[in-house]
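In structure tokens, one chain follows: the form predicted alone.
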Amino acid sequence: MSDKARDGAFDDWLDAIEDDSGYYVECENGHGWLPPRRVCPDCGSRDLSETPLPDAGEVATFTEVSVATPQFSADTPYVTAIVDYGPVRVTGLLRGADPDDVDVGMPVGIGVGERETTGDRAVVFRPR
């Protein structure tokens, strides 16, 4: 982990994922959001509760990055994916699969890894 200052709620959320207790926040109408949220942007409800993320999600879309900004140059090539977890979608790096084998609908689990270039923590998906 880097020596950078913690990013409050985001780092707390990453900690929860590392502890296998990842979650999203959900209102009484079933709208889901990633934390931090105090109000549901869909219906305005302030009654939000933490709901466990399912064990696996499905790749909704992805892209292989071969030429990155200097900030992520040591990470290339890498796959960035948006994964559908029901009421929420999560963006992260997809590792442990050849980019040619990644496909929409592929089941993946969620975890936390580090960026090669910066050492920053990041959401990492791995095939299930």
Partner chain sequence: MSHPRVTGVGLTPFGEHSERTGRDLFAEAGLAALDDSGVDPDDVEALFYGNFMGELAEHQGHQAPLMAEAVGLDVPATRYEAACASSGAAVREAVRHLRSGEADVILVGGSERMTNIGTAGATDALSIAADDLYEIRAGMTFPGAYALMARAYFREFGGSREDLAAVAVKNHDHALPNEHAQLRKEITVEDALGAPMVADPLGLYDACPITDGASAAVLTSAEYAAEHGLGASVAVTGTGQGGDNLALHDRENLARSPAASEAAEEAYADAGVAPDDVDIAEVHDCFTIAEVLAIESLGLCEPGEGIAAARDGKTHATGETPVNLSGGLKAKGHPVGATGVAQVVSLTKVLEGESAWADDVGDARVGVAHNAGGTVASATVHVLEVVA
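In this text, all values refer to a predicted model and were calculated from it rather than measured experimentally. Residue numbers count along the first chain shown, from 1.
Separately, the form predicted in complex with the partner chain exists; it is not shown, and the next lines address it.
Student: Is Tyr78 a contact residue for the partner chain in the predicted complex, using a 4.5 Å heavy atom cut-off?
Tutor: Flag for Tyr78 set to yes.
Student: Although the partner chain is absent from this view, report whether Pro41 comes within 4.5 Å of it in the predicted complex, heavy atoms only.
Tutor: Yes.
Student: At the 4.5 Å heavy atom threshold, is Thr51 in contact with the partner chain in the predicted complex?
Tutor: Close contact is absent here: in the predicted complex, Thr51 is far from the partner chain, nothing within 4.5 Å, heavy atoms only.
Student: Although the partner isn't part of this model, could you tell me whether Ala97 comes within 4.5 Å of the partner chain in the predicted complex, counting any heavy atom of the residue?
Tutor: Contact with the partner chain, no.
Student: For the three residues Tyr85, Gly119 and Arg126, verify that every one has a non-hydrogen atom within 4.5 Å of the partner chain in the predicted complex; reply yes or no.
Tutor: Verified in the predicted complex; spot residues all out of contact, no.
Student: What residues in 58 to 80 sit within 4.5 Å of the partner chain in the predicted complex, counting heavy atoms only?
Tutor: Residues within 4.5 Å: Ala60, Thr61, Phe62, Thr63, Glu64, Val65, Ser66, Val67, Ala68, Thr69, Pro70, Gln71, Phe72, Tyr78, Thr80.
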